[in-house]
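Take a look at this single chain, the form predicted alone, given in structure tokens.
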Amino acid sequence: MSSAANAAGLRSAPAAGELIASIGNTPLFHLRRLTEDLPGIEIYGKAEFINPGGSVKDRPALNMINEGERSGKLTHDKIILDSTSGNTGIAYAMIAAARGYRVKLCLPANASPERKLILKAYGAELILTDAGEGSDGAIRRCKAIYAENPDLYFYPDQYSNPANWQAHYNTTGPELLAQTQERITHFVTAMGTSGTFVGTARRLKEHNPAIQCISAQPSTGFHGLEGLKHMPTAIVPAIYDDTIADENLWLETEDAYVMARRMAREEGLLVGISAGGNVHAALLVGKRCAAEGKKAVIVTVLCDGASKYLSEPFWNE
């Protein structure tokens, strides 16, 4: 870089270490306007869309890749292979590009066009699976590809890999405790692999069993909440622990759409559909606490930003 560029404060492209170091430690935003009529209720959103890959999935993807390297199962002669609804795949592809790995991903054909374009931009090879089978179809296809030639691939299997939930146990949970000065009373988030909920809730419960950890799921197996699972009808992730949640809330797709629009227009935050669902669930908890005359500090996860969903027509409603 020239001395003139240095003088202007410009930086060269980040080395892999700098990129990786920027994952995590995301801010916590107080959603003030949503709770104006709820005295004693505070709702916060963990801004995971600020991660370099644009989502909460940067954390587990990095941990699974790191574990693969440490164990010797991931070497540069192998291809990283996994199934994804998009965000974990983007995280894999970003980290792999920085570290010099190849990536092959199975994802449902109805994944948003923006997600597919981002994955291709990072150089990932995409195997599109039957949209009607959702993430389960991508899982089955991925397992079949791996079984045909296991020596060719490193298959982290995000739905079964404990490094997924451990990423949140080791980072997300402690961050929430620190950022709320341990005032957090409720943690609310929806589940796909379940890693965010399982890891964060385990850490919070270990610190203070009184913290209410509330999971959320789509109300049916047929829904428009990309990346989320209706556990009663889906292939249940091996890392999912149904004994952790104090309660489960059922989400409607339309409610998530409405909240995503509200977040943009009332809080100035462009977030994705699952984040909209999370905030809707957190607000339900907040309204219930307010009705019972209780104070609450409720934290949820803003899983990703809206840029991956702007082609969806609900924004215009």
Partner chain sequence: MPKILIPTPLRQFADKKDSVDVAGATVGEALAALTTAHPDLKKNLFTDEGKLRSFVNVYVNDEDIRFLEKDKTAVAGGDTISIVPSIAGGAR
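All values derive from a computational prediction rather than experimental measurement. Numbering follows the first chain given and starts at 1.
What comes next is about the form predicted in complex with the partner chain, which is not displayed.
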{"query": "Complete contact of P108, E133 and Y257 with the partner chain in the model of the complex (any heavy atom, 4.5 Å)", "finding": "yes"}
{"query": "Segment that reaches the partner chain in the model of the complex - one of 242-250, 222-230, 149-157, 197-205, heavy atoms within 4.5 Å", "finding": "222-230"}
{"query": "Partner contact for P113 in the model of the complex: the partner chain, 4.5 angstroms, heavy atom", "finding": "yes"}
{"query": "S311, heavy atom within 4.5 angstroms of the partner chain in the model of the complex", "finding": "yes"}
